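To begin, one chain is listed below as C-alpha coordinates, in the form predicted alone.
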(Lines give C-alpha, C1' and ligand atoms only; values in the text may rest on other atoms or scores of the structure.)
Protein backbone atom coordinates (compact mmCIF):
# COMPACT_ATOMS: atom_id res chain seq x y z
CA UNK A 1 0.00 0.00 0.00
CA UNK A 2 1.39 3.39 -0.99
CA UNK A 3 2.35 5.81 1.79
CA UNK A 4 1.79 8.77 -0.51
CA UNK A 5 -0.42 11.62 0.60
CA UNK A 6 -0.56 15.19 -0.64
CA UNK A 7 1.12 17.46 1.89
CA UNK A 8 -0.65 20.28 3.67
CA UNK A 9 1.28 23.26 5.00
CA UNK A 10 1.30 21.61 8.44
CA UNK A 11 2.72 18.40 6.94
CA UNK A 12 5.49 20.39 5.27
CA UNK A 13 6.43 22.09 8.56
CA UNK A 14 6.55 18.78 10.41
CA UNK A 15 8.66 17.23 7.65
CA UNK A 16 11.12 20.12 7.61
CA UNK A 17 11.46 19.91 11.39
CA UNK A 18 12.49 16.28 11.03
CA UNK A 19 14.74 16.53 7.95
CA UNK A 20 15.63 20.20 7.43
CA UNK A 21 18.95 20.02 9.29
CA UNK A 22 18.34 23.26 11.19
CA UNK A 23 19.89 23.77 14.61
CA UNK A 24 16.52 24.27 16.33
CA UNK A 25 13.82 22.28 14.49
CA UNK A 26 11.04 23.78 16.63
CA UNK A 27 11.91 27.20 15.23
CA UNK A 28 10.20 26.12 12.01
CA UNK A 29 6.61 27.24 12.54
CA UNK A 30 4.86 28.00 9.23
CA UNK A 31 4.81 27.10 5.55
CA UNK A 32 3.94 29.10 2.45
CA UNK A 33 3.12 27.25 -0.78
CA UNK A 34 5.01 29.04 -3.53
CA UNK A 35 4.91 26.55 -6.39
CA UNK A 36 4.15 28.24 -9.70
CA UNK A 37 5.04 25.29 -11.91
CA UNK A 38 2.87 22.51 -13.28
CA UNK A 39 4.21 19.45 -11.52
CA UNK A 40 4.83 20.06 -7.81
CA UNK A 41 3.93 21.58 -4.48
CA UNK A 42 6.73 23.78 -3.14
CA UNK A 43 6.69 25.10 0.43
CA UNK A 44 8.90 27.71 2.05
CA UNK A 45 9.30 26.81 5.72
CA UNK A 46 9.61 29.89 7.94
CA UNK A 47 10.69 30.73 11.48
CA UNK A 48 8.72 33.04 13.84
CA UNK A 49 10.34 36.09 12.24
CA UNK A 50 9.08 35.01 8.82
CA UNK A 51 12.55 34.06 7.58
CA UNK A 52 12.56 31.12 5.19
CA UNK A 53 14.83 28.33 6.45
CA UNK A 54 14.13 25.32 4.21
CA UNK A 55 12.27 24.22 1.10
CA UNK A 56 9.96 21.20 0.99
CA UNK A 57 9.05 20.02 -2.50
CA UNK A 58 6.53 17.29 -3.28
CA UNK A 59 5.61 15.84 -6.66
CA UNK A 60 1.92 15.80 -7.55
CA UNK A 61 0.43 12.75 -9.30
CA UNK A 62 -0.86 14.89 -12.19
CA UNK A 63 -0.04 17.97 -14.28
CA UNK A 64 -1.21 20.88 -12.19
CA UNK A 65 -2.39 23.19 -15.00
CA UNK A 66 -4.47 20.39 -16.56
CA UNK A 67 -5.62 18.42 -13.53
CA UNK A 68 -6.14 14.76 -12.75
CA UNK A 69 -6.99 14.02 -16.39
CA UNK A 70 -3.23 14.15 -17.06
CA UNK A 71 -1.73 11.75 -14.49
CA UNK A 72 2.03 11.53 -13.90
CA UNK A 73 4.31 9.05 -12.21
CA UNK A 74 5.56 9.98 -8.75
CA UNK A 75 8.86 8.24 -9.54
CA UNK A 76 9.97 11.52 -11.10
CA UNK A 77 10.60 12.81 -7.56
CA UNK A 78 13.17 10.04 -7.06
CA UNK A 79 14.75 10.86 -10.40
CA UNK A 80 14.88 14.56 -9.58
CA UNK A 81 16.46 14.01 -6.18
CA UNK A 82 19.00 11.52 -7.51
CA UNK A 83 19.86 13.72 -10.50
CA UNK A 84 20.49 16.65 -8.16
CA UNK A 85 22.55 14.43 -5.84
CA UNK A 86 24.70 13.22 -8.74
CA UNK A 87 25.07 16.70 -10.17
CA UNK A 88 25.68 18.11 -6.70
CA UNK A 89 28.55 15.70 -6.14
CA UNK A 90 30.08 16.76 -9.47
CA UNK A 91 29.39 20.51 -9.23
CA UNK A 92 28.32 21.39 -5.67
CA UNK A 93 28.89 25.11 -6.16
CA UNK A 94 26.15 25.35 -8.79
CA UNK A 95 23.62 22.68 -7.77
CA UNK A 96 20.93 23.11 -5.14
CA UNK A 97 21.66 20.91 -2.12
CA UNK A 98 19.25 18.06 -1.38
CA UNK A 99 19.06 17.56 2.38
CA UNK A 100 16.66 14.59 2.35
CA UNK A 101 14.34 12.76 0.00
CA UNK A 102 11.68 10.08 0.38
CA UNK A 103 10.69 8.30 -2.86
CA UNK A 104 7.45 6.90 -1.43
CA UNK A 105 6.13 10.30 -0.38
CA UNK A 106 7.69 11.83 -3.51
CA UNK A 107 9.10 14.59 -1.32
CA UNK A 108 12.46 16.20 -0.72
CA UNK A 109 13.91 18.87 1.52
CA UNK A 110 16.30 21.31 -0.16
CA UNK A 111 18.51 24.14 0.98
CA UNK A 112 16.75 27.48 1.09
CA UNK A 113 17.74 29.87 -1.69
CA UNK A 114 15.76 32.90 -0.53
CA UNK A 115 18.84 35.08 -0.94
CA UNK A 116 18.84 34.18 -4.66
CA UNK A 117 16.46 35.20 -7.46
CA UNK A 118 14.99 33.26 -10.38
CA UNK A 119 17.20 34.14 -13.32
CA UNK A 120 14.29 34.53 -15.74
CA UNK A 121 12.62 37.13 -13.52
CA UNK A 122 15.85 39.08 -13.33
CA UNK A 123 16.36 38.92 -17.10
CA UNK A 124 12.81 40.16 -17.69
CA UNK A 125 13.53 43.14 -15.44
CA UNK A 126 16.73 43.92 -17.32
CA UNK A 127 19.00 42.99 -14.42
CA UNK A 128 22.42 41.65 -15.37
CA UNK A 129 24.50 39.08 -13.50
CA UNK A 130 27.92 39.14 -15.17
CA UNK A 131 29.08 35.73 -13.92
CA UNK A 132 25.87 33.79 -14.54
CA UNK A 133 26.48 32.57 -18.09
CA UNK A 134 29.95 31.33 -17.22
CA UNK A 135 28.75 29.65 -14.04
CA UNK A 136 25.99 27.86 -15.93
CA UNK A 137 28.60 26.76 -18.48
CA UNK A 138 30.73 25.34 -15.68
CA UNK A 139 27.73 23.44 -14.25
CA UNK A 140 26.94 21.95 -17.65
CA UNK A 141 30.55 21.04 -18.42
CA UNK A 142 31.14 19.30 -15.10
CA UNK A 143 27.88 17.37 -14.96
CA UNK A 144 27.78 16.37 -18.63
CA UNK A 145 31.43 15.35 -18.92
CA UNK A 146 31.54 13.27 -15.76
CA UNK A 147 28.37 11.33 -16.64
CA UNK A 148 29.46 10.72 -20.25
CA UNK A 149 31.36 7.84 -21.85
CA UNK A 150 34.51 9.94 -21.75
CA UNK A 151 34.58 9.52 -17.97
CA UNK A 152 32.08 6.92 -16.77
CA UNK A 153 32.92 3.24 -16.89
CA UNK A 154 30.88 1.69 -19.71
CA UNK A 155 29.16 -0.89 -17.52
CA UNK A 156 28.41 1.61 -14.79
CA UNK A 157 26.98 4.04 -17.33
CA UNK A 158 24.67 1.40 -18.78
CA UNK A 159 23.34 0.75 -15.28
CA UNK A 160 22.90 4.49 -14.72
CA UNK A 161 20.99 4.86 -17.99
CA UNK A 162 18.54 2.28 -16.64
CA UNK A 163 18.36 3.91 -13.19
CA UNK A 164 17.50 7.26 -14.73
CA UNK A 165 14.98 5.99 -17.27
CA UNK A 166 12.27 8.66 -17.16
CA UNK A 167 9.74 7.68 -19.83
CA UNK A 168 6.73 9.73 -18.72
CA UNK A 169 8.54 13.04 -18.40
CA UNK A 170 10.56 12.36 -21.53
CA UNK A 171 7.24 11.83 -23.29
CA UNK A 172 6.21 15.33 -22.22
CA UNK A 173 9.40 16.74 -23.70
CA UNK A 174 8.99 14.70 -26.87
CA UNK A 175 5.46 15.98 -27.37
CA UNK A 176 5.92 19.61 -26.33
CA UNK A 177 9.24 20.17 -28.14
CA UNK A 178 8.99 18.09 -31.28
CA UNK A 179 5.35 17.24 -32.05
CA UNK A 180 2.66 19.58 -30.72
CA UNK A 181 3.94 22.91 -32.12
CA UNK A 182 3.99 21.52 -35.65
CA UNK A 183 0.44 20.17 -35.69
CA UNK A 184 -3.01 21.46 -34.75
CA UNK A 185 -3.07 20.29 -31.13
CA UNK A 186 -5.36 21.35 -28.27
CA UNK A 187 -2.37 21.92 -25.97
CA UNK A 188 -0.96 24.66 -28.19
CA UNK A 189 -1.60 28.24 -27.04
CA UNK A 190 -0.90 31.37 -29.07
CA UNK A 191 -2.43 34.70 -30.07
CA UNK A 192 -4.68 34.63 -33.09
CA UNK A 193 -2.36 37.13 -34.80
CA UNK A 194 0.28 34.40 -35.04
CA UNK A 195 -1.94 31.92 -36.88
CA UNK A 196 -0.56 32.63 -40.39
CA UNK A 197 3.01 32.07 -39.24
CA UNK A 198 2.01 28.99 -37.24
CA UNK A 199 0.38 27.48 -40.32
CA UNK A 200 3.53 28.20 -42.32
CA UNK A 201 5.57 26.27 -39.76
CA UNK A 202 3.16 23.34 -39.93
CA UNK A 203 3.50 23.22 -43.74
CA UNK A 204 7.28 23.73 -43.80
CA UNK A 205 8.72 20.44 -45.06
CA UNK A 206 12.36 21.40 -44.43
CA UNK A 207 11.56 22.43 -40.86
CA UNK A 208 9.54 19.29 -40.11
CA UNK A 209 12.37 17.11 -41.48
CA UNK A 210 14.97 18.84 -39.29
CA UNK A 211 12.73 18.57 -36.22
CA UNK A 212 12.30 14.85 -36.91
CA UNK A 213 16.07 14.45 -36.75
CA UNK A 214 16.27 16.38 -33.48
CA UNK A 215 13.53 14.25 -31.95
CA UNK A 216 15.20 11.04 -33.11
CA UNK A 217 18.49 12.08 -31.50
CA UNK A 218 16.63 12.98 -28.31
CA UNK A 219 15.08 9.50 -28.32
CA UNK A 220 18.25 7.57 -29.06
CA UNK A 221 21.42 9.33 -27.85
CA UNK A 222 22.14 8.48 -24.20
CA UNK A 223 25.27 10.63 -23.99
CA UNK A 224 25.14 11.96 -20.41
CA UNK A 225 22.87 12.53 -17.41
CA UNK A 226 21.02 15.67 -18.46
CA UNK A 227 19.24 18.12 -16.23
CA UNK A 228 16.55 17.85 -18.91
CA UNK A 229 14.90 21.25 -18.35
CA UNK A 230 17.72 23.73 -17.77
CA UNK A 231 15.98 27.00 -18.66
CA UNK A 232 16.32 30.39 -16.96
CA UNK A 233 13.38 29.55 -14.69
CA UNK A 234 15.30 26.52 -13.38
CA UNK A 235 18.29 28.59 -12.32
CA UNK A 236 18.66 30.78 -9.23
CA UNK A 237 21.16 33.64 -9.23
CA UNK A 238 22.68 36.07 -6.75
CA UNK A 239 25.71 38.33 -6.98
CA UNK A 240 28.54 35.96 -7.93
CA UNK A 241 26.44 32.83 -7.38
CA UNK A 242 24.26 30.45 -9.41
CA UNK A 243 22.36 27.28 -8.53
CA UNK A 244 20.49 24.85 -10.79
CA UNK A 245 17.19 23.48 -9.43
CA UNK A 246 14.17 21.47 -10.71
CA UNK A 247 15.74 18.38 -12.32
CA UNK A 248 12.66 16.14 -12.54
CA UNK A 249 13.20 15.80 -16.30
CA UNK A 250 16.65 14.28 -15.71
CA UNK A 251 17.63 11.35 -17.94
CA UNK A 252 20.49 10.15 -20.12
CA UNK A 253 20.17 12.01 -23.42
CA UNK A 254 22.05 14.10 -25.99
CA UNK A 255 24.42 16.63 -24.44
CA UNK A 256 23.36 19.24 -26.97
CA UNK A 257 19.82 19.23 -25.57
CA UNK A 258 20.83 20.80 -22.24
CA UNK A 259 23.07 23.29 -24.05
CA UNK A 260 20.33 24.11 -26.54
CA UNK A 261 17.69 24.63 -23.88
CA UNK A 262 19.96 26.99 -21.97
CA UNK A 263 20.91 28.93 -25.11
CA UNK A 264 17.30 29.02 -26.30
CA UNK A 265 16.12 30.69 -23.12
CA UNK A 266 18.72 33.42 -23.40
CA UNK A 267 17.45 33.96 -26.94
CA UNK A 268 13.83 34.08 -25.78
CA UNK A 269 14.86 36.96 -23.57
CA UNK A 270 16.70 38.55 -26.50
CA UNK A 271 13.50 38.37 -28.57
CA UNK A 272 11.31 39.75 -25.79
CA UNK A 273 13.41 42.69 -24.57
CA UNK A 274 12.07 45.25 -27.10
CA UNK A 275 8.65 44.80 -25.50
CA UNK A 276 9.91 44.75 -21.92
CA UNK A 277 12.32 47.70 -21.67
CA UNK A 278 12.81 51.17 -23.11
CA UNK A 279 14.40 51.24 -26.60
CA UNK A 280 17.81 52.19 -25.23
CA UNK A 281 17.78 49.61 -22.42
CA UNK A 282 16.40 46.94 -24.75
CA UNK A 283 19.20 47.52 -27.27
CA UNK A 284 21.84 47.28 -24.55
CA UNK A 285 20.16 44.23 -23.06
CA UNK A 286 20.00 42.44 -26.40
CA UNK A 287 23.72 42.98 -26.94
CA UNK A 288 24.35 41.60 -23.47
CA UNK A 289 22.25 38.51 -24.20
CA UNK A 290 24.32 37.84 -27.31
CA UNK A 291 27.46 38.08 -25.22
CA UNK A 292 25.88 35.73 -22.67
CA UNK A 293 25.16 33.26 -25.48
CA UNK A 294 28.75 33.55 -26.69
CA UNK A 295 30.19 33.17 -23.20
CA UNK A 296 27.97 30.22 -22.30
CA UNK A 297 29.08 28.22 -25.32
CA UNK A 298 32.77 29.18 -25.32
CA UNK A 299 33.28 28.54 -21.60
CA UNK A 300 31.38 25.26 -21.82
CA UNK A 301 33.39 24.10 -24.86
CA UNK A 302 36.73 25.10 -23.33
CA UNK A 303 35.97 23.45 -19.99
CA UNK A 304 34.51 20.30 -21.56
CA UNK A 305 37.54 19.85 -23.84
CA UNK A 306 39.94 20.47 -20.95
CA UNK A 307 38.17 17.78 -18.93
CA UNK A 308 38.31 15.43 -21.93
CA UNK A 309 42.04 16.02 -22.45
CA UNK A 310 42.87 15.58 -18.77
CA UNK A 311 40.41 12.97 -17.50
CA UNK A 312 39.08 10.77 -20.33
CA UNK A 313 39.23 7.17 -19.10
CA UNK A 314 38.36 5.35 -22.34
CA UNK A 315 41.49 4.80 -24.42
CA UNK A 316 39.65 4.92 -27.75
CA UNK A 317 37.83 8.14 -26.91
CA UNK A 318 41.11 9.70 -25.77
CA UNK A 319 42.53 9.59 -29.33
CA UNK A 320 43.72 13.12 -30.20
CA UNK A 321 41.08 15.07 -32.08
CA UNK A 322 38.10 12.90 -31.16
CA UNK A 323 36.82 15.14 -28.33
CA UNK A 324 36.86 18.11 -30.71
CA UNK A 325 34.98 16.10 -33.33
CA UNK A 326 32.41 15.05 -30.74
CA UNK A 327 31.97 18.65 -29.59
CA UNK A 328 31.23 19.73 -33.16
CA UNK A 329 28.21 17.42 -33.13
CA UNK A 330 27.17 18.71 -29.71
CA UNK A 331 27.28 22.24 -31.13
CA UNK A 332 25.10 21.35 -34.10
CA UNK A 333 22.60 19.62 -31.81
CA UNK A 334 22.60 22.59 -29.43
CA UNK A 335 21.78 25.06 -32.20
CA UNK A 336 18.86 22.92 -33.36
CA UNK A 337 17.51 22.31 -29.87
CA UNK A 338 17.74 26.04 -29.12
CA UNK A 339 15.45 26.56 -32.09
CA UNK A 340 12.89 24.05 -30.81
CA UNK A 341 12.90 25.80 -27.43
CA UNK A 342 12.15 29.14 -29.10
CA UNK A 343 9.23 27.72 -31.06
CA UNK A 344 7.66 25.60 -28.35
CA UNK A 345 7.79 28.42 -25.76
CA UNK A 346 6.05 30.73 -28.23
CA UNK A 347 3.15 28.61 -29.52
CA UNK A 348 3.11 25.47 -27.36
CA UNK A 349 1.71 24.69 -23.91
CA UNK A 350 4.39 26.20 -21.65
CA UNK A 351 5.09 29.88 -22.27
CA UNK A 352 7.61 32.26 -20.69
CA UNK A 353 7.39 35.71 -19.12
CA UNK A 354 10.12 36.98 -21.48
CA UNK A 355 7.43 37.10 -24.17
CA UNK A 356 4.02 36.79 -22.54
CA UNK A 357 4.49 39.58 -19.98
CA UNK A 358 4.79 42.16 -22.78
CA UNK A 359 1.73 44.34 -22.22
CA UNK A 360 1.34 46.02 -25.62
CA UNK A 361 -0.43 43.53 -27.94
CA UNK A 362 1.19 44.53 -31.23
CA UNK A 363 4.69 44.57 -29.74
CA UNK A 364 4.03 41.24 -28.03
CA UNK A 365 2.95 39.71 -31.34
CA UNK A 366 6.04 41.12 -33.08
CA UNK A 367 8.35 39.65 -30.44
CA UNK A 368 6.56 36.31 -30.79
CA UNK A 369 7.02 36.44 -34.56
CA UNK A 370 10.74 37.13 -34.16
CA UNK A 371 11.09 34.17 -31.79
CA UNK A 372 9.33 31.87 -34.26
CA UNK A 373 11.42 33.13 -37.17
CA UNK A 374 14.67 32.74 -35.24
CA UNK A 375 13.65 29.28 -34.06
CA UNK A 376 13.05 28.13 -37.62
CA UNK A 377 16.35 29.63 -38.79
CA UNK A 378 18.32 27.78 -36.13
CA UNK A 379 16.62 24.43 -36.71
CA UNK A 380 16.83 24.43 -40.49
CA UNK A 381 20.34 25.88 -40.75
CA UNK A 382 22.02 24.20 -37.76
CA UNK A 383 24.47 22.27 -39.97
CA UNK A 384 25.58 25.48 -41.70
CA UNK A 385 26.02 27.46 -38.45
CA UNK A 386 29.49 26.11 -37.78
CA UNK A 387 30.63 28.24 -34.84
CA UNK A 388 29.46 30.74 -32.26
CA UNK A 389 30.19 33.85 -34.32
CA UNK A 390 28.16 32.43 -37.21
CA UNK A 391 25.30 31.90 -34.76
CA UNK A 392 25.46 35.49 -33.54
CA UNK A 393 25.49 36.73 -37.13
CA UNK A 394 22.33 34.71 -37.90
CA UNK A 395 20.61 36.09 -34.82
CA UNK A 396 21.43 39.67 -35.81
CA UNK A 397 20.15 39.03 -39.34
CA UNK A 398 16.85 37.79 -37.94
CA UNK A 399 16.19 41.21 -36.38
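Numbering follows the first chain given and starts at 1. Small disclaimer: the values here were computed from a predicted structure and weren't measured.
We do not show the form predicted together with a small molecule, though everything after this point is about it.
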| item | value |
| --- | --- |
| The small molecule contact in the predicted complex: residue 63, any heavy atom under 4.5 Å | yes |
| Residue 172 within 4.5 Å of the small molecule in the predicted complex, heavy atoms | yes |
| 4.5 Å heavy atom contact, residue 363 to the small molecule in the predicted complex | no |
| The small molecule contact at residue 176 in the predicted complex, heavy atom, 4.5 Å | yes |
| In the predicted complex, segment of 223-231, 270-278, 296-304, 102-110 with a heavy atom within 4.5 Å of the small molecule | 223-231 |
| Every residue of 142, 150 and 326 near the small molecule in the predicted complex, heavy atom within 4.5 Å | no |
| Answer option from 330, 349, 353, 42, heavy atom within 4.5 Å of the small molecule in the predicted complex | 349 |
| Position in contact with the small molecule when the complex is considered in the predicted complex, options 357, 373, 38, 30, heavy atoms within 4.5 Å | 38 |
